[in-house]
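Next up: a single chain in structure tokens, the form predicted alone.
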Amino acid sequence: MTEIRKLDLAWLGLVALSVIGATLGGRPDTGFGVTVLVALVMGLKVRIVCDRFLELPTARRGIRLAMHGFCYGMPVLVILTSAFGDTLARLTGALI
């Protein structure tokens, strides 16, 4: 498979994941399960962009590790914020 073909497939995958994420997030019953699915979609999209469009596999090890931390850290933070939003709001409100 050519490199252009791989990029085309990655782009189509991003479009499909965007539609799936918008469909899941736009539902009226946004429970914790929906939050987990949206975070999973977000993680997949970030990983595709990093690997295919930012050429992360060819980057230095430190940059690659930082970006992987971001790729997997942001969805985890979304899930934690959804699960413990009220507690985090109280804690951050007390700091200000």
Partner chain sequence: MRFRSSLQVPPVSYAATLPDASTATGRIPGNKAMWVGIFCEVTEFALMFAVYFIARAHHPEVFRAGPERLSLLAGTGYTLMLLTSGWCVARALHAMRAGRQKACLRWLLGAFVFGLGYPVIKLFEVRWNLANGLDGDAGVFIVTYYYLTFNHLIHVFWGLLGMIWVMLRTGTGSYSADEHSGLEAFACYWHATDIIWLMIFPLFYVLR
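The structure presented is a predicted model; accordingly, all values stated were derived computationally and were not measured. The term rigid core refers to the maximal set of C-alpha atoms that superpose within 1.5 Å between the two forms. Numbering follows the first chain given and starts at 1.
Omitted from view is the form predicted together with the partner chain, to which the following refers.
Enquirer: In the model of the complex, does Leu40 have a heavy atom within 4.5 Å of the partner chain?
Expert: Close contact is absent here: in the model of the complex, Leu40 is far from the partner chain, nothing within 4.5 Å, heavy atoms only.
Enquirer: Judged by heavy atom distances of 4.5 Å or less, which residues of 47-66 approach the partner chain in the model of the complex?
Expert: Residues within 4.5 Å: Val49, Cys50, Asp51, Arg52, Phe53, Leu54, Glu55, Leu56, Pro57, Thr58, Ala59, Arg60, Arg61, Ile63, Ala66.
Enquirer: Does Lys6 count as moved between the shown form and the other one, where moved means a C-alpha shift of 2 angstroms or more after fitting the rigid core?
Expert: False for Lys6: its C-alpha shift is below 2 Å.
Enquirer: Does the distance between the two CA positions of Leu88 reach 2 Å or more between the shown form and the other one, the core being superposed?
Expert: Leu88 C-alpha, core-superposed: shift of 2 Å or more.
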